[in-house]
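Encoded as structure tokens, the following chain is the form predicted alone, with no partner shown.
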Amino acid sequence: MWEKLLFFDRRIIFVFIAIAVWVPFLTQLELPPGQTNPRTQALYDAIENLPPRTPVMVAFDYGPSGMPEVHPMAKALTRHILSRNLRLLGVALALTGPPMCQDAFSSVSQDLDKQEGVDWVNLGYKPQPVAVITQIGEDIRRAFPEDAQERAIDELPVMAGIHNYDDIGLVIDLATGNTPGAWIVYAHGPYKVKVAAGVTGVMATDYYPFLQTGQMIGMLNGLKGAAEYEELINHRDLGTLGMGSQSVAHLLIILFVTLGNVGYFAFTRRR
């Protein structure tokens, strides 16, 4: 029996993992995210404390490959910001960012009856992140004279009175790369604008030093961070559903690892 367990066909394991991922998602299994990370709570509180109609800039620095972890964050943040009657500015330092921005903003704004150009705007993509971040600090019109729809931003009510970081209450970078570091160095450093981030789980440890020094005010950590934020705004969505699949799959992996080790030691002892 132990020998059979030790040389278990891995294809059967793949089938079990597929079932563990799909069944919770299809049945919409919702597991509580547990205790909220203080960094998640800090970002939530920062948005809660902004006065109405304060501009919040969200940078969409990810693409389709990062959607499972980061896009639920984008939708949860969008819902919170718009429901607080804040102005929402979307920018992208990644070429694949504008479609992510448009999907998050448009889908959530329909539920909240918010208007493009009045409550939110997708300013589109610009290359050379350092140059773009610096230009926004001088005058946002140097970096984004038009939005993604090629409309002059001076014609959009949402952009009224916004010139540089002095007029923006918070910058949030949603990223799968190293762009949060650029926002910290070139936006928070010289212009003292508040910066937060939402990153994949494997990236989070790189940014804890910036959280500890106060250079970032908060951070969403992977899919769990998205689920925690959905719990805070009382609107469970893809983050919560994804955590159900992820949690069940992790438990199954732990079970297989445990059985594999038990089988190995029992088999070698018998030999």
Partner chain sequence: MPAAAATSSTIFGLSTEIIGIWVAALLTLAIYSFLYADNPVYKVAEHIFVGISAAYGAVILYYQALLPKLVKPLIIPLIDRVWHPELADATSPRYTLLVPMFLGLLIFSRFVPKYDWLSRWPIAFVMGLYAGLSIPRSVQEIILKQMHGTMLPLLPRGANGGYDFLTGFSNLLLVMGVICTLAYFYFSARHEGLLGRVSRVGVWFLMVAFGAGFGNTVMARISLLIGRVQFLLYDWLPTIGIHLGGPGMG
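Positions refer to the first chain, counted from 1. Worth saying up front: this structure is predicted, and the values here are computed from it rather than measured.
Only in words, not in the display: the form predicted in complex with its partner chain, which the text now covers.
Enquirer: Would Pro99 count as touching its partner chain in the predicted complex under a 4.5 Å heavy atom rule?
Expert: Yes, Pro99 sits close enough to its partner chain in the predicted complex that at least one of its heavy atoms falls within 4.5 Å.
Enquirer: Quick one: is Ala46 in contact with its partner chain in the predicted complex, heavy atoms, 4.5 Å cut-off?
Expert: Heavy-atom contact with its partner chain at 4.5 Å: absent for Ala46.
Enquirer: Whether Leu26 contacts its partner chain in the predicted complex should be assessed with a 4.5 Å heavy atom distance threshold; does it?
Expert: Output for Leu26 is yes: heavy atoms within 4.5 Å of its partner chain.
Enquirer: Taking heavy atoms only, is Ser65 within 4.5 angstroms of its partner chain in the predicted complex?
Expert: Flag for Ser65 set to yes.
Enquirer: Looking at its partner chain in the predicted complex, do all three of Arg53, Thr78 and Ile233 come within 4.5 Å of it through at least one heavy atom?
Expert: None of them does, since no heavy atom lies within 4.5 Å of the partner.
Enquirer: Determine the residues of 213-228 with a heavy atom within 4.5 Å of its partner chain in the predicted complex and present them in sequence order; the list may be empty.
Expert: In sequence order, Asn221, Gly222, Leu223, Lys224 come within 4.5 Å of the partner.
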